[in-house]
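As structure tokens, one chain now follows by itself in the form predicted alone.
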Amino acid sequence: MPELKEIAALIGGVLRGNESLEITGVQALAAAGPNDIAFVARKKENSDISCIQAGALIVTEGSPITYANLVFVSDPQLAFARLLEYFNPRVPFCTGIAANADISAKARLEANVRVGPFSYVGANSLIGADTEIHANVTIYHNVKIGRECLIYSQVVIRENVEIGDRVIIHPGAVIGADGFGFGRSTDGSAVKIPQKGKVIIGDGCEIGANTCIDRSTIEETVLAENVKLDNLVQIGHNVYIGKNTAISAQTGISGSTRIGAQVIMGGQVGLADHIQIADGVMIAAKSGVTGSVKTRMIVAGIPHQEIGSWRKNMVLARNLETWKDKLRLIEKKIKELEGK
């Protein structure tokens, strides 16, 4: 078991307390025992910690907390995340290529690629070194997947998709399905427009379970580096998402929309097609964005508006019944005065 001084060194922290205390694991603040280490978020630094029984606490540099054993770091949550990996290293799903996996003779697998049972890799596809593919994954032809990727069960990756290094794709995601493109014949019936474009996913992206990213007609659907998508997100054809953007669950992005870098979207957001979202925009949950947001701001509501205006309008909406009663009373008094 590592001593507290080793833990502090691992996370680049400054230790105050018993450096020889043995630490057996990491735990939530309320559940931590005498040999666990937990972290205190910045916003909870003034909370009562008298009932805490953790062996040590990770706190922000300069924290006012008084406790027997403290490790001071710049970001306690990130330090805690590193310790989670340290104490709970990921166990590979499989080693080598499963006997019942179906790998095309024309596919190329680099060193230490692992493929689970009943997975398929099509012709002319390239899988980068140290990538792990779990059971029942389907990878079509002409797919490029980078190094150190992790692809969970039931993922489908269609043809001509390009995926960078260190990408994580969670179960049930579909990458490269046809975009929702239809014309109309003279009799009004829908006519499918072929979807022959590509999906390109940058390094470090993470794609949640049952998320869908559609290919475009002839252009490219692109996720730049380190984009993070939650579960059940729909990315339409020809969408561009800038680096470090994070999108929460049940959000839908319509076709040909361009989203900037470091954008944050809450859950159940809907974006109209062919609009632009500037860098650094934040979109509150359940918002419906019907037009472009061209400067960095926080927006909310349906249709979207600057969050300060939205809050004021919500206050008015909550009091409509009161305003209605007051208006009726004013109307009554006006009629009485007019009748005199």
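Residue numbers here begin at 1 and follow the sequence given. Keep in mind that this is a model prediction, so the values were computed, not measured.
Here the subject shifts to the form predicted together with another copy of the chain, a form of this protein not shown in this document.
Taking non-hydrogen atoms only, residue 114 never approaches another copy of the chain to within 4.5 angstroms in the predicted complex. Another copy of the chain in the predicted complex comes within 4.5 Å of a heavy atom belonging to residue 313. Mapping the unseen interface onto this chain, residue 9 falls outside it, with no heavy atom inside 4.5 Å of another copy of the chain in the predicted complex.
Residue contact with another copy of the chain in the predicted complex: residue 165 places no heavy atom within 4.5 Å of it. Between the options 161, 137, 224, 239, the residue in contact with another copy of the chain in the predicted complex by a heavy atom within 4.5 angstroms is 137. In sequence order, 252, 262, 264, 268 are the residues of 252-268 having a heavy atom within 4.5 Å of another copy of the chain in the predicted complex; the partner itself is omitted from this view.
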